[in-house]
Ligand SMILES: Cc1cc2nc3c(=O)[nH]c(=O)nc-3n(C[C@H](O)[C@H](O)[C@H](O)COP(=O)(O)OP(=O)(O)OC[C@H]3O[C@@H](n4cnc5c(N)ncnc54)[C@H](O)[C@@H]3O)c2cc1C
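A single chain, nothing else alongside it, follows as structure tokens in the form predicted alone.
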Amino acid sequence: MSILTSMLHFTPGQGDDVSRDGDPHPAAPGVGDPRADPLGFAAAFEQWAAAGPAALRAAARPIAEYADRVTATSALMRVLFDEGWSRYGWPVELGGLGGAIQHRAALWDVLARAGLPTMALYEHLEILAPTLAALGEPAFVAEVLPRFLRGDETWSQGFSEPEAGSDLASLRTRAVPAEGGYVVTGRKIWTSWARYATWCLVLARTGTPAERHRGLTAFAVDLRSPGVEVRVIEQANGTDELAEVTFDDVHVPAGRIVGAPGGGWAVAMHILSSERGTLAWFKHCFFQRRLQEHLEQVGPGAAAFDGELGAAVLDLAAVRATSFDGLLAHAAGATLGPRAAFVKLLLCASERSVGDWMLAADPDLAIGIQDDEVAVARQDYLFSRIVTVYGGSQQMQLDTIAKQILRLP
């Protein structure tokens, strides 16, 4: 059994398994279904993955072109949804099959150990979807979440702007009331996976600039709407995960507000608790797979770099311990709040240390022939160099710890 086993016995948090009469989605499994229990789910899914289904084999192979990687991963998501696996851990009333975050953690843990190299753009299932489920309009979320889980539609996150990166409360994108909703105008930058996304959770100003974080509202914006333009940004590692998104008088229906009008800051904090907290558990599964796989490839020659390997192993152990705490908090219906900054710092350190060891132990990573396997390893290494900057810089996390936890002046 996986490293996840010890935490699967914890009971779901309040609201994790919800149903109601008239729900259009199939009901949650009965008491006799072993998958209803997270431990039974993990064992059953382990068997499924061990059988080597074609969609998993296709997504697990090295794929250098990011668009092809998205296609393969999305095909796997369709299979996981259609066979019910990815619906566990989500409320029945929103299209899931009930359960808790432990189900979701087990799913991705097993997939990582079965060879899947990354969650890719489906990281947003553990960044945005929990907030949509908690704060979104239920009818809207019940419509879009199953399509997200199935890979038919995906989401991006519209926070950062050219003039408002680290200081999110100063963002300038505006949402003005209009007939039937709002009109959104502005620009977002560094928007992950916007090229591939159908929706964007956009933070926009509905109050005055002087109100700062109190004047923000979160909207679910359909990127197929007139007035939306997505311009791809190619990263230094050659992938096109990022984009600049322009909203030019884009109409958004009133029912697409996430949270309350003027409550965008609370929505953002809920998202960041997942992005900087619980997501670390999911990502560290893939870092462990990357470390183990590379160790098997380089063999005895890696012994000369035991120091780098030891640092990577210890950093991953630290992430496992702290992100485990985040999973338990989520399962209990809570969020990590500022404590997520610790997890974010440790996750960044682990990703960098895994990359440091891989580069030290395998010179081909820098100068080898550029086949798909080497290309993907290089992409991963180069991406690990920026992790202390994106999604909230290292300096911001340290500032959060100093002011909100240590209460330093």
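Position 1 is the first residue in the sequence shown; the rest follow in order. Remember, it's a predicted structure, so these values are computed and weren't measured experimentally.
Form predicted in complex with the ligand: not shown, discussed below.
Is Trp199 close to the ligand in the predicted bound form, meaning a heavy atom pair under 4.5 Å apart or at it?
No, Trp199 stays farther than 4.5 Å from the ligand in the predicted bound form.
May I ask you to state whether Thr239 is within 4.5 Å of the ligand in the predicted bound form, using heavy atom distances?
Result no; Thr239 lies far from the ligand in the predicted bound form.
Taking the ligand as it sits in the predicted bound form, is Ile189 in contact with it (heavy atom to heavy atom, 4.5 Å or less)?
Residue-level check for Ile189: yes, a contact with the ligand.
Indicate whether Phe159 is a 4.5 Å heavy atom neighbour of the ligand in the predicted bound form.
Because a heavy atom of Phe159 falls inside 4.5 Å of the ligand in the predicted bound form, the answer is yes.
Within 4.5 Å of the ligand in the predicted bound form - does that hold for a heavy atom of every one of Tyr390, Ser393 and Met396?
Spot residues vs the ligand: full contact, yes.
So which of 224-232, 191-199, 290-298, 314-322 is the stretch with heavy atoms within 4.5 Å of the ligand in the predicted bound form?
Result of the contact check: 191-199.
Determine the residues of 85-106 with a heavy atom within 4.5 Å of the ligand in the predicted bound form and present them in sequence order; the list may be empty.
Result: empty, none.
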